[in-house]
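Take a look at this one chain, the form predicted on its own, written out in structure tokens.
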Amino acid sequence: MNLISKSVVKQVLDKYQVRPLKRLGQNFLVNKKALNDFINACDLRKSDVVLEIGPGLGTITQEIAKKVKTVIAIEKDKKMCEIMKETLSDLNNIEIINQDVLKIFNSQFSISNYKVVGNLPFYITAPVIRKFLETKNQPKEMIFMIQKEVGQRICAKPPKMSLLAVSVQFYAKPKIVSYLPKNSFWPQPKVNSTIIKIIPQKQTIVNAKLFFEVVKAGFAHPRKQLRNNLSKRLKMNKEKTEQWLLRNNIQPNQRAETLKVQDWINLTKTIKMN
């Protein structure tokens, strides 16, 4: 079934008497070039196990399934799961799970050596990425379609870092593959999208909990100087905070957005000196 066609998408939805749910961010891909760009970005192999988040009608699912060993499609909307039983009926290597992807971490998550893909709505983008990067059983890589601005924030470098950028880049190397115009989807969203690839990296030996405590303190008030944020949030006097920053070649009047991930790692490693 040619699910990349807007008319076919509408026909399928009409048949099942359903409408796209704005609260679930249901914007269906209807652009063939965008689909091809996404599939190419996934760099699929016949031996791959792919976990797809929010497959919707199965547009991306059916193309991936033709190229890999197994697709595990996790869909929160029960009606979409019912529709996929029809649209994907000619493929036997797809497992459809009616579940909120954020809740699979509450159960035994035993899949290994896998990739994660999906067209992510804005409201779950950061939580999904964080969950998969923080799990002990990290994916080999993640390829998502997300809002353009969010993708740019994730891949930002100093002096435009954010808590989101640091959180992702601590665990992984993200990169923007390409941009997608908003008319690539139906219903058409208000903003353009991007294809982003996130590849987990071997982590520097540092306490993650302490690392994020330091980072969150630094970004507590992004427009304020590091000296003030860190001193207040970590309950350190300003003189010691200044000395700590200077030892790591960071000026006390810098802002959090100007620091590299390695700077935060260095601060975490040396905080015990105070």
Ligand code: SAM
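Residue numbers here begin at 1 and follow the sequence given. Computed from a predicted structure; not experimentally measured.
In what follows, reference is made to the form predicted together with the named molecule, a form of this protein that is not presented.
> Which single stretch, out of 150 to 158, 165 to 173, 200 to 208, 122 to 130, brings residue heavy atoms within 4.5 Å of the named molecule in the predicted bound form?
Heavy atoms within 4.5 Å of the named molecule in the predicted bound form occur in 122 to 130.
> Here the chain is shown alone; which of N183, N137, N93, Q99 has a heavy atom within 4.5 Å of the named molecule in the predicted bound form?
Filtering the options by heavy-atom distance leaves Q99.
> State the residue from N229, T59, T241, N248 whose non-hydrogen atoms include one within 4.5 Å of the named molecule in the predicted bound form.
Of N229, T59, T241, N248, the residue with a heavy atom within 4.5 Å of the named molecule in the predicted bound form is T59.
> Going by a heavy atom distance of 4.5 Å, is G218 a contact of the named molecule in the predicted bound form?
Although the named molecule is absent here, G218 would stay clear of it in the predicted bound form, with no heavy atoms inside 4.5 Å.
> Given that the partner is absent here, does L24 sit within 4.5 Å of the named molecule in the predicted bound form, heavy atoms only?
Yes, L24 sits close enough to the named molecule in the predicted bound form that at least one of its heavy atoms falls within 4.5 Å.
> Please check if F212 has a heavy atom lying within 4.5 Å of any heavy atom of the named molecule in the predicted bound form.
Judged by the heavy-atom cut-off of 4.5 Å, F212 is well away from the named molecule in the predicted bound form.
> Is D77 near the named molecule? Define near as a heavy atom within 4.5 Å, in the predicted bound form.
Close contact exists here: in the predicted bound form, D77 approaches the named molecule to within 4.5 Å, heavy atoms only.
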